[in-house]
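Below, in C-alpha cells: the form predicted on its own, a single chain.
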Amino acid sequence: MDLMEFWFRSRVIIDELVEKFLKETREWEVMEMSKYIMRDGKRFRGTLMFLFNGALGGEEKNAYPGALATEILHSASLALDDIVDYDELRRGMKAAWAVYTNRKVIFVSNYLIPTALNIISGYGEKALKISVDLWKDTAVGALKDMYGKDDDYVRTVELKTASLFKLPAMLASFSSGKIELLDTLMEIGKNLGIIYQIVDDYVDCVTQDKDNLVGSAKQLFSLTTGRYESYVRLKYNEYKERYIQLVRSLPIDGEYVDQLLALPDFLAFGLIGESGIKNKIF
C-alpha cells in the first residue's frame, strides 16, 4: 500500500470515528456545531497516528483514540483561529463563527478541547501531561503568530503548527508500547510540522497580495524581504534531512519505511498542488 492509499484508508476510518463520537454527544446543539467544526478535514494528523503506530508494530485499534483526539483538537484550533483571523471561509464553506457566532463556537471549542484530552488520558498520565503541554504550546504559538517578531519565525511555526504534529507522533509511542522512542517521535513530529507550515506559508506568499498576508506567512515575507523562495527551499531541505535521519533511526522495516520517508514530499506537494500554483521551490 502506498502513502496515498494509506491516507485514503485512514480518512475513512477517522471519519467513522468522528461520526461515532458526534452521535454519542448528548446535547443536540453541541453535536450540531461540533459536526460543522469537524467536517471534511484532510485528517493528516490522525493519519500520522495510524502511520507511526503501525510502523512501530502497534495494533491499529489502539491508535483509534489518539487519532480521534488529535482531529478533535486540530478542528477546535482551526475554529478558534478563524475567529482571531476574521476568516470567513474554511474548506470552501462559511467558517463556524460566521454561521453560529463567536460566542457559541468558543463555548463548543471549550467543550471539545477537554473532551479530547480526556480521550487521551486513556493512554496514561504521562501521555496526558505531554498533550496538555503541547496544547499550551499551540496557544503560545498563536500569540507569536499574531504579535511575534519576524526573527522568531521558525519558533512561531514550531509552536503553532508543529505541536499538533508532535501530538500523534508522541501518542503512537504509547499506543504501540514503544515509550522508549517518545523523544525521537516528538522530534520527528516537530520537523514534519515545521515543513508543513513553511510550505503552507510559501503558498500564501505566492497566492496573496503582500498587504493581505497575516501571521507566520507575513513573518516569512518580512523576514526574507519578499525573497522567500530560496529561504523556503533551504529550510525545507534542512528539516527534511533531519526528519529522514530520525526516521531511519527507528526500529522499523517493510513498507512503513518508504511511507514515512515519503511524508515530507507528500505533504509539501499536496499543499502546492491544491493551491494550483507552479512549483518553484523543488
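Not measured: the values here are computed from a predicted model. From 1 onward, residues are counted along the sequence shown.
Only in words, not in the display: the form predicted together with a further copy of the same chain, which the text now covers.
Contact check for 33, 111 and 146: all three have a heavy atom within 4.5 Å of a further copy of the same chain in the predicted complex. The contact residue chosen from 181, 199, 205, 128 relative to a further copy of the same chain in the predicted complex is 128, the criterion being a non-hydrogen atom within 4.5 angstroms. Out of the listed residues 27, 229, 40, 59, 27 is the one that sits within 4.5 Å of a further copy of the same chain in the predicted complex by at least one heavy atom.
Residues within 4.5 angstroms of a further copy of the same chain in the predicted complex, judged by any non-hydrogen atom, belong to 130-138 and to none of the other stretches in 182-190, 165-173, 130-138, 205-213.
Within this chain, residue 93 is remote from the site of a further copy of the same chain in the predicted complex, having no heavy atom within 4.5 Å. Proximity of residue 98 to a further copy of the same chain in the predicted complex falls outside the 4.5 Å heavy atom cutoff. In the predicted complex, a further copy of the same chain sits within 4.5 Å of a heavy atom belonging to residue 142. Though the partner is left out of this view, residue 80 does reach within 4.5 Å of a further copy of the same chain in the predicted complex, counting heavy atoms only.
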